[in-house]
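One chain is shown next in structure tokens, namely the form predicted on its own.
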Amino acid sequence: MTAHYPVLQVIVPLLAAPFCLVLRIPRLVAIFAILVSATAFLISTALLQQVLSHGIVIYELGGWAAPWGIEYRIDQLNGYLLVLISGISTVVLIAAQSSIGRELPENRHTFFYTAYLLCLTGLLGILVTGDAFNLFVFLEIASLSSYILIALGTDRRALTASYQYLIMGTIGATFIIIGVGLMYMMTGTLNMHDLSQRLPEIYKSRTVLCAFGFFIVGVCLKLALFPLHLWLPNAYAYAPSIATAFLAATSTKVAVYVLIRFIFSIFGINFVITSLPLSEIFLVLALAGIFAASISAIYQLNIKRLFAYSSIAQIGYMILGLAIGTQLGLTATLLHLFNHALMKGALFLAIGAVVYRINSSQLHHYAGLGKKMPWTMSAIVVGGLSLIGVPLTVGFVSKWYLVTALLDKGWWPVAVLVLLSSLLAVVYVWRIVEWIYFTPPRIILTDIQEAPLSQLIPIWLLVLANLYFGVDTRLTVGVSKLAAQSLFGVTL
């Protein structure tokens, strides 16, 4: 059975999704979805242990050897992310039943879990596959189900947000498939490992440059890199809270993985550095995104939109690590990719708990909730401190490695800008703290109670993870370093 773990990682949630429609009873479907996601988490944990102990795991579908058949290929990088995505999914699903019970009519619950498991399938499939076209297929599975999850929101603006995401996501997907098609035209293969062997012979071809350009722009649209981020704020603001928590913690991280995989494993860092000024482009866009999104976050009145803009800024930090072009910079990116998922998962689950109680995500409705919902509000504060980068949180670890990588490169002015950008995070986090603890209530809070345990437990699991991995960094830093060394071709 262990030999089939790579394909089971995808098959289990894929087959479970339509089965939700058969079960139909919301409570049974909720329990079933948690079990499916937990199974995926156990499989991904076993795969990561296998990779760390024995090296790369290769699985040939149908017994057809690559490049003729589709190959699943798992190394330190995607093994690490498989654990993250499936783990976040499981924690979020624990809070899902009570949350969507308040936000969605009962006849939509089954559709929600079906779309959720399909989205999980797509995200896990993107990570495990070693075939470029197969990656595109899984990307579309994840995207289409994401559009559904967003559109299920009861606010009518959720439909507009989903439609906007659909249009921009389709443009991104079109660019990606054009890039894949051009690579296939030049090499005759879709296997990623095979592509990495054949592309160096034709690096000077204009077709390869066009393929790379199309692919990079398409992926950057999917990961919401500034200024291709316009779909993200509304999508996060008007989707059901559980969908927002899941997508914010996972989907953009997987898109960053795709970018890293193609830059380092397929095209190669030497091609990227010598053929295109990608480092300079990423540096400018990353810094612009960090400051523009952080300033926008300060002026938001909806707390979901506030943290959506914060996510755009955090993506800027990840791309900045790539722009450095060093092993330490890539380590910082991979580390922040993991840590940001913990931050945003905790924050959006906590916001979902507030929506459960007061049916609003408007910031002025948070006034006075510090006394009524102390555990939930404390979770938001800890998540906010992690975004700022306060010591003993995962955010501090991420920024420490990023600033260290910048200084090691000699980019001290950029390091100063990163530190200054943290002050903007202080401003918008303080706005939230001020409303929660120091502003008189604007609504009657007599009947407001703390969030139920079904929501508090998953919230605090992620909050404690923010604190634990901010102190004990052996797993996150260790695996990030191993993955970065592997991508840079360092023999271990």
Partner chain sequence: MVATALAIVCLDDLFAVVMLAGIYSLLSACFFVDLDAVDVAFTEASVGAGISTLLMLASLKLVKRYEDKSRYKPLLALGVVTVTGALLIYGTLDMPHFGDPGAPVHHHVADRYIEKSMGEIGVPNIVTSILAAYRGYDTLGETCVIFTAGIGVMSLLMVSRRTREESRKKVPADMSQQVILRIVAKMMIPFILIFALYVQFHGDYGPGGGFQAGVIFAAGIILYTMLFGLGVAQKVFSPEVIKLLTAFGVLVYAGVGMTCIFLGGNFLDYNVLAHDPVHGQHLGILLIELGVGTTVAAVMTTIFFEFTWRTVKHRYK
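Only a predicted model underlies this, so the values are computations on that prediction, with no experimental measurement involved. Residue numbers count along the first chain shown, from 1.
What comes next is about the form predicted in complex with its partner chain, which does not appear here.
Only one of the listed residues (327, 90, 98, 134) places a non-hydrogen atom within 4.5 angstroms of its partner chain in the predicted complex, and that residue is 134. Proximity to its partner chain in the predicted complex, defined as a heavy atom within 4.5 Å, holds among 407, 392, 417, 144 only for 144. Segments offered: 282-290, 252-260, 398-406, 199-207. Contacting its partner chain in the predicted complex at heavy atom distances within 4.5 Å is 199-207. Its partner chain in the predicted complex is not approached by residue 460, whose heavy atoms all lie more than 4.5 angstroms from it. Interface residue remark: residue 38 is not counted as part of the site for its partner chain in the predicted complex, having no heavy atom within 4.5 Å. Proximity of residue 371 to its partner chain in the predicted complex: non-hydrogen atoms within 4.5 Å are absent; the residue sits far from the partner. Contact annotation: residue 483 falls outside 4.5 Å of its partner chain in the predicted complex, judged by heavy atom distances. Residues 67, 68, 69, 70, 72 of 67-81 are found to place at least one heavy atom within 4.5 Å of its partner chain in the predicted complex.
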